[in-house]
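Coming up is one lone chain in structure tokens, specifically the form predicted alone.
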């Protein structure tokens, strides 16, 4: 039986973030957390492989407050979750996240396929999947919009800018999936109740041989500001001008604004 692992991230729900009018800073006071939108597709891909191919399907995660995510994720198909819950992981980058996830996956052992989302819905670095593959020594396949397990390994379709690439990959692999690979399910009441009985494993950094001092983030976020859209509300034909004169007036206004420079 093939062993499939889906990685996911527990992120702040962007719908709850408020932008302060005074300085455009972000206010997270009322923000709740959710499964990263892209990772919902990764979890669904694993659940479908479990249903269609009879694979053993597990989930892994790391971060702050991830214990709040366990019931929701387990209701979506995984048989169990292994996780690292540490508050300081709120400020790390993809290099640290990848090392911890790789440690968890190595501890699980004999994993044939790791599925990640294309990126996370907060940082969207698109680095965790390829980094995981390098750390695990697995094949790496990105931008996957079709996924199947065969006797020899996995068969995928990659959606590229100039077409679709079909690949067959032998041996263990890490794939990152696109949002159009599937439509994540909405768990039923039965699935939600069943999730309470599924096992979870809290793993310490010591268990996976992770040294905090030797694995500092390579990237530091200094500040985040909200984007503000300002509309000029130009009115160019208020005086009954002809179309030609109105167009000339618009060009002058855009030139004065520097929009046509």
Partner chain sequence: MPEEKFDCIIVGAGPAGSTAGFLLANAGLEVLIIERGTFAGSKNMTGGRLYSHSLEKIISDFASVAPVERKVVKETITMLTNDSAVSIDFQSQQLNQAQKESYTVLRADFDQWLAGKAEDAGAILAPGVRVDDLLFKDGKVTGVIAGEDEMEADVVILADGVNSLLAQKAGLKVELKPNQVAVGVKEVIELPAQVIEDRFGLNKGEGAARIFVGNCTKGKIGGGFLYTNKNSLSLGLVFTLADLAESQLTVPQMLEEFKSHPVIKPLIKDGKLVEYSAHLVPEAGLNMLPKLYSDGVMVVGDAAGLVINAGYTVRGMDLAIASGEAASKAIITAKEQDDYSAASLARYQDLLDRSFVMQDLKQYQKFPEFMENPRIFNEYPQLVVNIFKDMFIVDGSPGKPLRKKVLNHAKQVGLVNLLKDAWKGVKAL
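Numbering follows the first chain given and starts at 1. Keep in mind that this is a model prediction, so the values were computed, not measured.
Separately, the form predicted in complex with its partner chain exists; it is not shown, and the next lines address it.
Contact with its partner chain in the predicted complex, judged as any non-hydrogen atom within 4.5 angstroms, is confined among 207 to 215, 54 to 62, 194 to 202, 41 to 49 to 194 to 202. Shown alone here, residue 155 lies farther than 4.5 Å from its partner chain in the predicted complex, counting heavy atoms only. Residue contact check for residue 188: one or more of its heavy atoms lie within 4.5 Å of its partner chain in the predicted complex. Proximity of residue 241 to its partner chain in the predicted complex falls outside the 4.5 Å heavy atom cutoff.
Put simply, residue 21 is close to its partner chain in the predicted complex: some heavy atom of it is within 4.5 Å. Of all the residues from 23 to 57, those having a non-hydrogen atom no more than 4.5 Å from its partner chain in the predicted complex are 30, 32.
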